[in-house]
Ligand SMILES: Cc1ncc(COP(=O)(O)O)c(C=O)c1O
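The chain below stands alone and is given in structure tokens; this is the form predicted alone.
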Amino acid sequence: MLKEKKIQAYKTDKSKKLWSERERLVPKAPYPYTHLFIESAKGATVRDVDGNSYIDFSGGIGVLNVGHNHPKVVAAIREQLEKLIHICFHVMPYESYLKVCERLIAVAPGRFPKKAILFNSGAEAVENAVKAAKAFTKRQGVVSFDLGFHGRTYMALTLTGKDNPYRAGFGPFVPEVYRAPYPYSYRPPEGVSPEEVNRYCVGALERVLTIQTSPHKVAAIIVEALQGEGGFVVPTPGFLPAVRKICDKYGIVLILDEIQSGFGRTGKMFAVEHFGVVPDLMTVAKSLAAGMPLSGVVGRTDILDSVDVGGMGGTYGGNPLSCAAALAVFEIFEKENLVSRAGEVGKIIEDRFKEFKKRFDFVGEERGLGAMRAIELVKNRDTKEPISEEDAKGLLAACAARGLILLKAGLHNNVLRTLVPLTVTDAELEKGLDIMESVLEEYKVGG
């Protein structure tokens, strides 16, 4: 395994003490990427309780596209804090909720009449998008895809296409949910060439709608335009257009999950824009409010209005503090050109990842869109046998020991992914990539 070589003499005394408290007080279920306890953060840099600084390539798992504690977000929350913390939109509505919906409607794909509704988490948005689709179509079935991740509540968990650790031991799940293969060109089904993956997956989806159920019983197909937890898998260019065509043919609602890939991450406001497809409904969360809990469903008015009064909502959905943060996020995106910046950040990462692939024979593939990029690590490029999860954990620990917070993903947990804030400086970005390279170099020598 990798040695615990460090770029500086990091202290971890306070973090170790707090970790002991964490083990005493908190169930083991929340996955621990590090044993370090954070104290503060700014931009793309975080500082732990022992005074150590790290470059953050996690972005709070894709939440902080505008960076940690952006001054405009902090100011907006502070101003709102003095006026109103909570009342519940059901009891007395407030203008900031309407303004967030207005901004979502403006940026969401589609020139048809649209509305939006706000919730707390990505899973909650997914649950309600499915509810709206069922109410509109009067059908029960939903189709999702292998390796897709849609959340941890029961409908969202049923839709999620990876059993361990998300679904293991939690069944039975919601009925009338069917799953089709997602076009993972690097790991095609046995006997299928990478060039045939699109045709195979479209055909498999059609078979699901013929053999497992009837298309006239399916309310919605939900899909990520670029898979997040599944390993930053980019679909084949023709896949999403084919799914759109199938939905149109059978009157199925197309739901695009843009929770991780949205808000500029891929170099477009939403990843689906890379494929020229317009969804009927779209779920958003994560970077919508820069760390404040806020999610939403935006899309066709006729679908969202098919839900009866009281059928969607919640106590905290669209909280005033979260709405204030979201409005600041929209302003930051416009004034700091963060969608364009995502392309610049992505190009720097892409170029370095391509160099990694040339240098290290265990880098099987580099992939992604914009700043949403990853490398998949393998023991053998010919067989594509993944590195062990323990080795992947060792790589992440070595990165943290050198001053970089990095995440993994994928079916085999062998994919290293970047979700760095788009406000990162070029110097911070290069330093983080240098740390990655140093860890990969050591892995090549002794891994």
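The first residue of the shown sequence is 1; numbering continues from there. Please read these numbers as outputs of a predicted model, since none were measured by experiment.
Form predicted together with the ligand: not shown, discussed below.
F149 within 4.5 Å of the ligand in the predicted bound form, heavy atoms
Yes, F149 sits close enough to the ligand in the predicted bound form that at least one of its heavy atoms falls within 4.5 Å.
In the predicted bound form, does K286 come within 4.5 Å of the ligand, counting heavy atoms only?
Within the cut-off, so yes.
Can G122 be called a contact residue for the ligand in the predicted bound form at 4.5 Å between heavy atoms?
Output for G122 is yes: heavy atoms within 4.5 Å of the ligand.
Taking heavy atoms and a 4.5 Å cut-off, does V233 contact the ligand in the predicted bound form?
No, V233 is distant from the partner.
Just to confirm, with a 4.5 Å cut-off on non-hydrogen atoms, which of Q260, N128, N319, T266 contacts the ligand in the predicted bound form?
Only one option qualifies, and that one is Q260.
Region of this chain that lies against the ligand in the predicted bound form, out of 252-260, 178-186, 334-342, 110-118 [heavy atom, 4.5 Å]:
Looking at the partner contacts, the answer comes out as 252-260.
Can you tell me which bits of 211-246 touch the ligand in the predicted bound form, meaning any heavy atom within 4.5 Å?
Those in contact are E224, E229.
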